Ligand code: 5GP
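A single chain comes next, written as structure tokens; it is the form predicted on its own.
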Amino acid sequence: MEALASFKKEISSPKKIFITTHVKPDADALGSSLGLANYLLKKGHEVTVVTPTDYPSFLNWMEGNDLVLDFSREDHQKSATKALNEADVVFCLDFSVLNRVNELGEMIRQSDAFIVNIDHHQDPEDFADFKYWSTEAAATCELVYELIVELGDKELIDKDIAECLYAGIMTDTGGFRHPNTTKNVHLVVAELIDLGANPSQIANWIYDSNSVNRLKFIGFAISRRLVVREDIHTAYFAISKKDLKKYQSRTGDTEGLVNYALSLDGIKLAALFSEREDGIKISFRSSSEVAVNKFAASYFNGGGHKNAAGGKSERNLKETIEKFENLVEEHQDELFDQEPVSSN
């Protein structure tokens, strides 16, 4: 309570505020950033939202999207740097370690601003002056909603803010299908709907705005790039740079692809290997009893949530997959012989 009171005092008068989130922001990252930004603007603050990289076009409907600065664009870097240097308060949303924001991380570390971290990932780095953090939360958007309510400002949540926050919770729970879909999640989204969020419209914006190339790519990936190892309860996609180029892949086009592998009967561990210019990007998903975040952290320089994590590899695509298969074969007893954890 003392920390919350100190934070509340820090933002009690108009300040210059800088908000950022992790690379390649998803709906929870951008939704929490813009939901919070729109709230703070109502409180009279001067707010700048900066993302380390671009993000999927299916998130462009969020209120405030047109004012977001993408730090990977040279024409945005000067304005973004100026905003950070002049900031009184810096909000870091949906990431727990500063290397998740590329070069912005060190700039934030050197900042004299009051640093706030709002996040639900495990093993947070100790870099913030105020931390609103819980691994029990399904999404950072859930925490942003609860923080606004705790500050006594629920009445300031309008339709635009509610829809930004709803989007992040919807996607980070896999459309309310993942094990992190708790009673509190349903209570929060019920409040957001009451405050103006339109569930069917938001789902349409995010899930039903595919390009023809993306649909062809998904079909290609399922028919030609899906590998199923029933003997080790594992399935994965291996996507090369050539594949991505063939289908003119854009940011967000591989989003959700790994879930097709996990949806197979008998599969407990799924992965997506995407060959990029800077190495192999890996997305992991797992059934409720498999702690894929520990696997990612131990062997692929990654981490995340128990059933949804990420990693990377500097080996080539073939070598990375060989390493992955060997590791799963070697550790399958400890990976798959765990008792499911009750959600009660």
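Remember, predicted model here, so these are calculated numbers, not experimental data. Residues carry their position along the shown sequence, with the first being 1.
Not pictured, yet referred to below: the form predicted in complex with the ligand.
- Among Asn316, Ser288, Thr53, Asn301, the residue placing a heavy atom within 4.5 Å of the ligand in the model of the complex is Asn301.
- Between 279-287, 43-51, 30-38, 66-74, the stretch whose residues reach within 4.5 angstroms of the ligand in the model of the complex through a non-hydrogen atom is 279-287.
- The ligand in the model of the complex is approached by Val97, whose closest heavy atom lies within 4.5 angstroms of it.
- Contact check for Lys294: no non-hydrogen atom falls within 4.5 Å of the ligand in the model of the complex.
- Although the partner is absent here, Met62 is not a contact residue: none of its heavy atoms lies within 4.5 angstroms of the ligand in the model of the complex.
- Mapping the unseen interface onto this chain, Arg214 falls outside it, with no heavy atom inside 4.5 Å of the ligand in the model of the complex.
- Within 4.5 angstroms of the ligand in the model of the complex, the stretch 300-319 places a non-hydrogen atom from each of Asn301, Gly302, Gly303, Gly304, His305, Ala308, Ala309, Gly310, Gly311, Lys312, taken in sequence order.
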